[in-house]
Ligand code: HEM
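Take a look at this single chain, the form predicted on its own, given in structure tokens.
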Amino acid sequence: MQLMRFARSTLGLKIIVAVTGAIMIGFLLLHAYGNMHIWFGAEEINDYSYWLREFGQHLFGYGGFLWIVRVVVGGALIVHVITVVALIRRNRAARGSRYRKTSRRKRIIIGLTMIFSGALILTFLVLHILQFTTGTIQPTPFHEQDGMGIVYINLYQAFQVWWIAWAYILAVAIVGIHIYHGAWSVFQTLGWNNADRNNLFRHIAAALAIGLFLSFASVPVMFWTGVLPEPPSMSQTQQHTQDHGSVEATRQ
């Protein structure tokens, strides 16, 4: 009962926002690490996509661990949005004080930025999953094998289209802005901020945001500029997939 009351308090809501935000930032860091495999070519990123589905398969089945991660991150996202909305409503209902009036303009700008960027990020995530994970939206041909998208080919073909490449870069730029304000808010919520450490925390938040932006934006840029080569033919890719499946069957 006390835990529920605390969770409904303003401080409790802020902590929930901070924790769920940290979960999503952690996921983005892992996702960025995964994207780095594409720098080494088609075989590397395709093998990594198989590894993600094979990890923990003895406990959770093929692809089971990946679905657990998706459920956890998706749940964190839903709770994050609901809690942020609750905080916004509570702030609007609260009576203003002199301190709040003096910082009202700044809070409004930051608040609107976070709301607007959060809505755009949510839209981007849905479209991103529908395009590259499920293949539901197919502005470019979606290639799959054994019910799984062939990562390198799908990314290459998508980012040959200029508006898809630039939309992706713009989206990850918005993610970076959101993360900068979000990471800084986490430090404030946890009570770690003070005059001696604020510059350090701002630099950490900025480095995190810029690093994630560069990591994600590098993928469409390298495909668009030709740094990453054209993928192998479909027959070669399918043969590699079949060989990979044969090796795994032999291991089992």
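Residues carry their position along the shown sequence, with the first being 1. Remember, it's a predicted structure, so these values are computed and weren't measured experimentally.
Beyond what is shown, the protein has a form predicted in complex with this ligand; the following relates to that form.
The contact residue chosen from 84, 121, 153, 76 relative to this ligand in the predicted complex is 121, the criterion being a non-hydrogen atom within 4.5 angstroms. Though this ligand is absent from this view, in the predicted complex it lies within 4.5 Å of a heavy atom of just one residue from 137, 161, 125, 177, which is 125. Although the partner is absent here, residue 216 lies within 4.5 Å of this ligand in the predicted complex, judged by heavy atoms. Although the partner is absent from this view, residue 29 stays clear of this ligand in the predicted complex, with no non-hydrogen atom inside 4.5 angstroms. This ligand is not shown here, and in the predicted complex it never comes within 4.5 Å of any heavy atom of residue 37. Under a 4.5 angstroms non-hydrogen atom cutoff, this ligand in the predicted complex has residue 53 among its neighbouring residues.
Taking the partner from elsewhere, no residue among 183, 199 and 203 has a non-hydrogen atom within 4.5 angstroms of this ligand in the predicted complex. Heavy atoms closer than or equal to 4.5 Å to this ligand in the predicted complex belong, across 56-77, to the residues 66, 70, ordered by sequence position.
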